[in-house]
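Shown here is one chain on its own, the form predicted alone, set out as structure tokens.
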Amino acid sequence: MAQRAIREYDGKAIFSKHWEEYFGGFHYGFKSVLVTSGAELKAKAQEHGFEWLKREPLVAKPDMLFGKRGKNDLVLFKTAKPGDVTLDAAAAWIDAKMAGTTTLLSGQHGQLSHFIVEPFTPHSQAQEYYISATTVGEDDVLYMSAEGGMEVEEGWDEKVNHIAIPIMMSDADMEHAIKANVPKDIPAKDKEKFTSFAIQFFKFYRDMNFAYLEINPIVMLDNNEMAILDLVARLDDTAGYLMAEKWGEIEYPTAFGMEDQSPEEKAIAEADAKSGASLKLTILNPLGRIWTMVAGGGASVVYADTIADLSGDVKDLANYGEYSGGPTTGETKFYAETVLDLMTRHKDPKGRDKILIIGGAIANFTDVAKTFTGIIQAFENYATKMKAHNTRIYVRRGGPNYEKGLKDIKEAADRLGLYIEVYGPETHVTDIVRMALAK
């Protein structure tokens, strides 16, 4: 299966096209435009059916395959200041954001070119929920939370319920499994409605051949009105010949910043597109002395922030990325070899040891021992170069088979003569950064 990311606009358009078929009993008022300039937005407002752009308060944000737009200050919406976001204000904001280079917190940088504009949806945080589905190994997995928004990744294990749904599970068993695992902290008034939506959402995800589908948040308003505020979607493009009519005109855009990617970043992006897992790599400083292999998108942010805070020099952090979602041993080996190759190309300008952080929270479905086998295989190929750079390795991991994974990687590093310290979930997720820098 080759996963291909699509724009938020196109994902919402697929929802709208099939809403009545899959989401009976709920209403979704699809109002959305995709534009490439402020002038195009103003011209769109003159077309029949888009008069709402002149009447309603608006929300504008880039639609270029990257997340955490709120944390990157890339969402324009009504604030505590007087006045709503008007058509003119949205157009001016889009033109201003397109005027220069944009650098994200992840280090990705490039030119913003596509924006999605929609009506502002008044609601309370209590009306926000999280739901997503993806493929992990041989199963589909549904994730649900009573808390939506930017902070859902913090405390993921405590906040988010997940259900593995085998491909051959009957619809009756699937519905029973979802009902049994709906988060208990969803208010009673919304629980039945959320349960019904979750079942319909999963059927839609599977029938439409999504490889990944996330709404964060889905907002439940009065009168069964639903608002999809933020959406991330990837399609299984091997099903494209079957789904042309149902998907409609679909563009597979180049990810933001990819035009300036190094060969290694492009290689990881290509591997990511072919995998059911998530493989991401951004090189921040090829001469940096601290390199990371972090499992999980949320964890990658936490580790990057911690390294920047404790090192005293953000330039010490060489890369940013993640490997997650149950990558195979071979995929993990390729990812690890790419990082180790980059890490061992240049000596530290100040003559310091190189540091490799292999971190992550507690995995849900990723077999830690299996992924660590891939990392061990990469160590075997790069041990000589790693020792030449005085590389110190610090590992913190939890999840399925983590005890075996930690044991295997420790024994392998000792056999190869590599310095390593390994820790399980009893150690705080970022303590290994402090340990590494204290040496």
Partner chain sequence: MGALFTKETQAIFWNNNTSAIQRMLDYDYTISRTKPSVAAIVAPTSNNKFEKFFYGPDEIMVPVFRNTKEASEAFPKADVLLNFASFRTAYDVTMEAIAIKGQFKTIMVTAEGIPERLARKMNQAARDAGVIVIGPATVGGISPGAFKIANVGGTIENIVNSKLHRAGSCGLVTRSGGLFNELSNIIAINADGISEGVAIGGDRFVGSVFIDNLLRMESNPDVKYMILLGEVGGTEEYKVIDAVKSGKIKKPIIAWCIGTIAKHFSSGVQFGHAGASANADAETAAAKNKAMAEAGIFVPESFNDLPNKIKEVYTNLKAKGVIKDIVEPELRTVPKVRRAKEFICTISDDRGDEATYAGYPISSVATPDTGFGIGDVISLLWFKKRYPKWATEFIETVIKTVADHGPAVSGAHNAKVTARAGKDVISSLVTGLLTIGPRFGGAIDDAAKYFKYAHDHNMTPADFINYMKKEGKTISGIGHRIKSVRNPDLRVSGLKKFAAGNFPATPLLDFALEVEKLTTSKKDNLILNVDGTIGILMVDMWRALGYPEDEIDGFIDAGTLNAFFVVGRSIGFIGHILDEKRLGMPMYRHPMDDILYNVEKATDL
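Rigid core here is just the name for the largest C-alpha set that superposes within 1.5 Å across the two forms. Residue numbers count along the first chain shown, from 1. As the structure is a prediction and not an experimental result, all values here were calculated from the model.
The same protein has a further form, the form predicted together with its partner chain, not shown here; the description that follows concerns it.
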Counting heavy atoms only and using a 4.5 Å cut-off, do 182, 227 and 438 all touch its partner chain in the predicted complex? no
Taking 4.5 angstroms as the heavy atom distance cut-off, pick the stretch from 219 to 227, 354 to 362, 97 to 105, 327 to 335 that is near its partner chain in the predicted complex. 354 to 362
So its partner chain isn't shown here. In the predicted complex, which residue out of 74, 342, 239, 89 has a non-hydrogen atom within 4.5 Å of it? 239
Selected contact from 178, 144, 215, 304, since only one has a non-hydrogen atom within 4.5 angstroms of its partner chain in the predicted complex: 304
Is residue 116 close to its partner chain in the predicted complex, meaning a heavy atom pair under 4.5 Å apart or at it? no
Does its partner chain get within 4.5 angstroms of any non-hydrogen atom of residue 429 in the predicted complex? yes
Look up in the predicted complex whether residue 272 has a non-hydrogen atom within 4.5 angstroms of its partner chain, and give yes or no. no
Quick one: does residue 192 come within 4.5 Å of its partner chain in the predicted complex, counting heavy atoms only? no
For the stretch 264 to 294, which residues lie within 4.5 Å of its partner chain in the predicted complex by non-hydrogen atom distance? 282, 284
Rigid core superposed: residue 161 CA moves 2 Å or more between the shown form and the other one: no
Shift of residue 62 between the shown form and the other one at or above 2 Å (CA, core fit): no
Honestly, after the rigid core fit, is residue 294 moving at least 2 Å at Cα between the shown form and the other one? yes
Sense of the change in Cα distance from residue 323 to residue 102 in the predicted complex - at least 3 Å versus the shown form: farther
